[in-house]
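The chain below stands alone and is given as structure tokens, in the form predicted on its own.
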């Protein structure tokens, strides 16, 4: 396949830059490794029927007042009045199987809401890295990898995950990258891939979570390929995409 025939894959470091990248993409992959998209992937894989992402705590409270199960996190902590935030372990609670959950987080759900400007929105984390790459390669469409960042600023963990996806897609020789952000993300990932936990030791959000005694969450979020589920946005809710690959783990 010639370079001109290849589809594009690009990395946008944060939602603040989204409008600069969003034209001419068919699929947006939203990434918030620590912890929202990891929690979403874990929850959907473990039987949650759907997760409704909302940008604000107020919206989450409105749903809660209507009887929905609602979760909210700000600055790494559970918002007062909600029973849980965005810990992946909370989303694996067996009591949530078959239920709908409304979620609002500092970064991830904001990015998901913004991403709806692109026709198809799916959710990625390191946990479902290989399966999302297989699926994207099969779709062979223009892909934007949107890092949720930290309060609309660059962060390392989302960039590493985006770089890992971009690397696989480019290596398939079915995709090309034109933006320096994509090349940078790819090489940051390659520098980190042998020991991501150690590489991210000094990252700002890992330090925040460590201060909140959430190191077990961090360890879970930084383990690649523990899940085989792809959440996809359908009618305003994240649901399980019916897609299976052999030997995904």
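Numbering follows the first chain given and starts at 1. Note that the structure is predicted; figures quoted are calculated from it, not measured.
The form predicted in complex with a further copy of the same chain is left out here; the points below concern that form.
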- line: Within 4.5 Å of a further copy of the same chain in the model of the complex by heavy atoms, the stretch out of 39-47, 213-221, 54-62, 186-194 is 186-194
field: Partner proximity in the model of the complex: residue 179 to a further copy of the same chain, non-hydrogen atom cutoff 4.5 Å
entry: yes
field: Contact test in the model of the complex: residue 16 vs a further copy of the same chain, heavy atoms, 4.5 Å
entry: yes
query: Even though a further copy of the same chain is not shown here, does residue 143 get within 4.5 Å of it in the model of the complex, heavy atoms only?
result: no
- prompt: Using 4.5 Å between non-hydrogen atoms, is residue 167 touching a further copy of the same chain in the model of the complex?
  reply: no
- prompt: Of these, 74, 99, 151, 173, which has a heavy atom no more than 4.5 Å from a further copy of the same chain in the model of the complex?
  reply: 151
statement: in the model of the complex, the residue from 155, 110, 87, 127 with a non-hydrogen atom within 4.5 Å of a further copy of the same chain is 155
